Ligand code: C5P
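The data below hold one chain only, encoded as structure tokens and taken in the form predicted on its own.
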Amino acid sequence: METEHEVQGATGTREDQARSHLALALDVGSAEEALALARRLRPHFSVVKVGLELFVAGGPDVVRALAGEGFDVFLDLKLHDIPNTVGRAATRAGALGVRYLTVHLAGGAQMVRAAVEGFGSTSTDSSGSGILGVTVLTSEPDPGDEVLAARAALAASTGCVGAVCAAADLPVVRPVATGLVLVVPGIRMEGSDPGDQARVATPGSALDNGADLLVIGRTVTAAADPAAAAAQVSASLLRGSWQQD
């Protein structure tokens, strides 16, 4: 499951490898809550995801604070606008020191290239940071293989370092997005409530099918004991067949 743009920290013990494949979705309403949660769950996550809710609440300062804690920050804004606007926003995101920034591939090649160029012009992280292209939201029940393949190909041809897709879409996306980091949200433990996600998968099955980075949110953050839930996710990965010898 090696990619051209390897997930940072994927060497070391099996526990370290498992941690390198997990991104914690900090879908909370304040910077204080996000920082407390990230610190508490640090043993299980190397990447933290800042989405729309937290970014609106905490702005660039929360990104800087999380990066200052030593986390790789995944800024999940799914930019989708005219190329000039997206390019300028990506330029600002690169300057914040984030590792990944999402754009929606439905915006087309010109927009995605503007994001790639803008981000690259200011990013100081040369170790695989860049733009993640979002194929289709995991809340959409049946996106169609043709759309998925076309958007994965767009990510590969425009300089994205990765693509975001549901676990169920990996068989279509993986052969097209060769060499890209494949990021999979909608991860749930077996038997848990899928919530508003139409296409979910367990952590181990997603990695076994070729995912590189799993986005873990409510499975952990909404649990009565988030640390115990995170430990359960990590343990489930260690039982999988994805590890490299």
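Counting begins at 1, following the sequence as shown. Keep in mind the model is a prediction, meaning the values are calculated, not measured.
There is another form of this protein, the form predicted in complex with the ligand, and it is not shown here; the text below is about that form.
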Subject >> Partner-facing stretch of 173-181, 213-221, 58-66, 35-43, counted where any non-hydrogen atom is within 4.5 angstroms of the ligand in the predicted complex >> reply: 213-221
Subject >> the ligand contact in the predicted complex: residue 114, any heavy atom under 4.5 Å >> reply: no
Subject >> Partner contact for residue 76 in the predicted complex: the ligand, 4.5 angstroms, heavy atom >> reply: yes
Original post:
Are any of the heavy atoms in residue 134 no more than 4.5 Å from a heavy atom of the ligand in the predicted complex?
Top reply: yes
Subject >> 4.5 angstroms heavy atom contact with the ligand in the predicted complex for residue 27 >> reply: yes
